[in-house]
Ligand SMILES: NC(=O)c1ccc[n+]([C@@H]2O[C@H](COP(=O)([O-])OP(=O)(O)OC[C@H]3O[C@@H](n4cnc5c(N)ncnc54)[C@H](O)[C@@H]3O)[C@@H](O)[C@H]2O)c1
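Okay, here we've got a single chain as structure tokens, the form predicted on its own, with questions on binding and movement later.
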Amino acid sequence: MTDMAERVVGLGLIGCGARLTGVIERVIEKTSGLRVVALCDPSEIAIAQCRERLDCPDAALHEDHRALSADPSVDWVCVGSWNCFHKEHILGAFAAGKHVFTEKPLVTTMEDAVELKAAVEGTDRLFSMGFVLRYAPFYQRIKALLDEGVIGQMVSFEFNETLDFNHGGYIMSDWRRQRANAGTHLLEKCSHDVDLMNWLTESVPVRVASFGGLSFFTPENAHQIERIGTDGEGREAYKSWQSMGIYTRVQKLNPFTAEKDIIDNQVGILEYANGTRATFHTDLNTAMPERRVYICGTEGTLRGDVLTGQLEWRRIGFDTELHKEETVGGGHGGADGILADSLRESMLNGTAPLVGLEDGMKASVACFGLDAALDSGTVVDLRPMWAQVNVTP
């Protein structure tokens, strides 16, 4: 009889795009105890690339996500499909009694959040949420400093995620440019940041306002491609990322003229249940991208940018020392490998995930509130929304 410790854990992937494939590639590379045994994706190109990267030529191909979740060889269902399908795919996996890893965001509508929360309450299955920034040494260090009280009690703070112009052009020519596929830009791209805000404050927002719009990626500005020209490899401005994704390689849309219903700039104001106040700013067309945080406390101030990995803090007072620290920099702050290590532990040993369903729910609802404020032009009270998903602010 085979010892249970030697049993191979089977992984099934729903949505075999570059992001999920990359995560799972890191997860399985350090162990023989995990194997990709099933795949589900409508794209033959995605399936072929996934088989090659994950060395799983014999993985079963399922045309329907329910069949993959019901496959007895699958222990963990990994969801990397378009955001609008996340709820359906997560519920299918739980209905089949499987553990789940999902990429962000959790869901794309408040109705889906309510349905998902009600369906999975009380489940004993593990659920891991792909908020990769939570694993970044940069943010882990900030949380540790806050917990140590180096700046006292948090009073107010600023967050931002401003993107390189080519990154913005990629989003505006990708499937993410339409709410029906991905939800809003804030939800799709910045739920990472909203999750961090909730985590650092150890609270949830109860009142929000937001302003934003589509100000740049419009047909009138299509001349900007020609104005800037090409890079050293001959790739046009605002289109240099298009070779990265299957969708953009096939569609080759112009980011200025493609139909879209998301914003390209947004500013949000949040008041948390514990009294902390915050602002968040995103823009998809910048020359100096940032993912910066600036936190004011009762006894000090902290600031930093994960793209550089540098942070600094100082106590309030005369001639106090400015403390400077350097962590891992980059878009995800070196967190991809750490996320993979944590997910591997959950899959092999049943370790509770660092980021779970409740975190995904809170980030989604906060984004829904901010976007409701943007769409309505009003200050939105989130407390009725929290009640719908049984969260006490």
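One rule holds for the numbers: they count along the sequence shown, beginning at 1. Remember, predicted model here, so these are calculated numbers, not experimental data.
FYI, the form predicted together with the named molecule isn't displayed, but the following is about it.
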I have His86, Glu103 and Trp175 flagged as a candidate spot, so tell me whether each of them has a non-hydrogen atom within 4.5 Å of the named molecule in the predicted complex.
yes
Answer key, the named molecule contact in the predicted complex at 4.5 Å (heavy atoms) among Gly212, Gly297, Gly80, Gly168: the residue is Gly80
Picking from Met361, Cys40, Ala340, Leu54, the single residue whose non-hydrogen atoms come within 4.5 angstroms of the named molecule in the predicted complex is Cys40
Which of 272-280, 103-111, 146-154, 218-226 lies within 4.5 Å of the named molecule in the predicted complex, heavy atoms considered? The stretch 103-111
**Request:** Spell out, yes or no, whether the shortest heavy atom distance between Arg383 and the named molecule in the predicted complex is within 4.5 Å.
**Result:** no
*Check whether Gly92 has any heavy atom within 4.5 Å of a heavy atom of the named molecule in the predicted complex, and answer yes or no.*
no
Please run the contact check for Ala18 against the named molecule in the predicted complex: heavy atoms, 4.5 angstroms, yes or no?
yes
*Classify Asp195 as contacting or not contacting the named molecule in the predicted complex by the rule of any non-hydrogen atom within 4.5 angstroms, answering yes or no.*
no
Taking the named molecule in the predicted complex and a 4.5 Å non-hydrogen atom cutoff, the residues of 297-336 making contact are His332
